[in-house]
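Have a look below at one chain only, the form predicted on its own, in structure tokens format.
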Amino acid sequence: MRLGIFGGSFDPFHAGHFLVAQAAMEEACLDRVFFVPAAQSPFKHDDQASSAEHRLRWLRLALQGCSDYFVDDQELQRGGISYAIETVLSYRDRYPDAQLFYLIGADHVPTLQQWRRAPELAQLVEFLIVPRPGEAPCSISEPFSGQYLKGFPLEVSSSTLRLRLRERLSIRGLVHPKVEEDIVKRGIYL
């Protein structure tokens, strides 16, 4: 079995996240993708605009009916700073015979050596790298292995969506309709 692990803040979960997962499924021939919302990113301090409860609900709303996509709240349950190695080790325990793939943005490639227990992480996963539109890919260095996804480049970010919402601009088509409805109804990001 080939499993993808897609961590992030998902604040909010948007069409770009969904398209990245779809590209990973197709290009790496994954059997499943697990979306793992972070309790707290080790790289983004005080950048969480909405609660874990909201972020988890939006993932579940957006992925309803997607039989190959799963939401895993283990990092939220653990709390504190979310480290990839802890999550990957839990998947290794749950799926000892699976090949594991970890999805990351291209901006994280230069920092992989700084990740907690980086050499061990490099032995456990292959990275699927999401290119940034308009940016040249940088090479992944030993001991890490991975591939860049060709995918569906969509220049949208959660921070852009939060800004649009604060400015009372539409996010239609950029998030799942149920996610948009929930955000607007609750007045989140205003």
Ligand code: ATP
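Start at 1 and count along the sequence shown; that's the residue number. For clarity, a rigid core is taken as the largest C-alpha set superposing within 1.5 Å between two forms. None of the values given here were measured: they were computed from a predicted structure.
The following text describes the form predicted in complex with the ligand, which does not appear among the structures shown.
Residues with any non-hydrogen atom within 4.5 angstroms of the ligand in the model of the complex fall in just one of 116-124, 70-78, 84-92, 97-105: 97-105. This chain is drawn without the ligand; in the model of the complex, the residue among 64, 147, 51, 159 with a heavy atom within 4.5 Å of it is 159. With the partner removed from view, the residue among 56, 130, 28, 140 that has a non-hydrogen atom within 4.5 Å of the ligand in the model of the complex turns out to be 130. The ligand in the model of the complex comes within 4.5 Å of no heavy atom belonging to residue 60. The shortest heavy atom separation between residue 164 and the ligand in the model of the complex exceeds 4.5 Å. In the model of the complex, the ligand sits within 4.5 Å of a heavy atom of residue 9. Residue contact with the ligand in the model of the complex: residue 32 places no heavy atom within 4.5 Å of it.
The partner is not shown here, but in the model of the complex the stretch 12-28 reaches within 4.5 angstroms of the ligand through a heavy atom at 14, 16, 17, 20.
A movement of the C-alpha atom of residue 65 falling short of 2 angstroms is seen between the shown form and the other one when the two forms are aligned on their rigid core.
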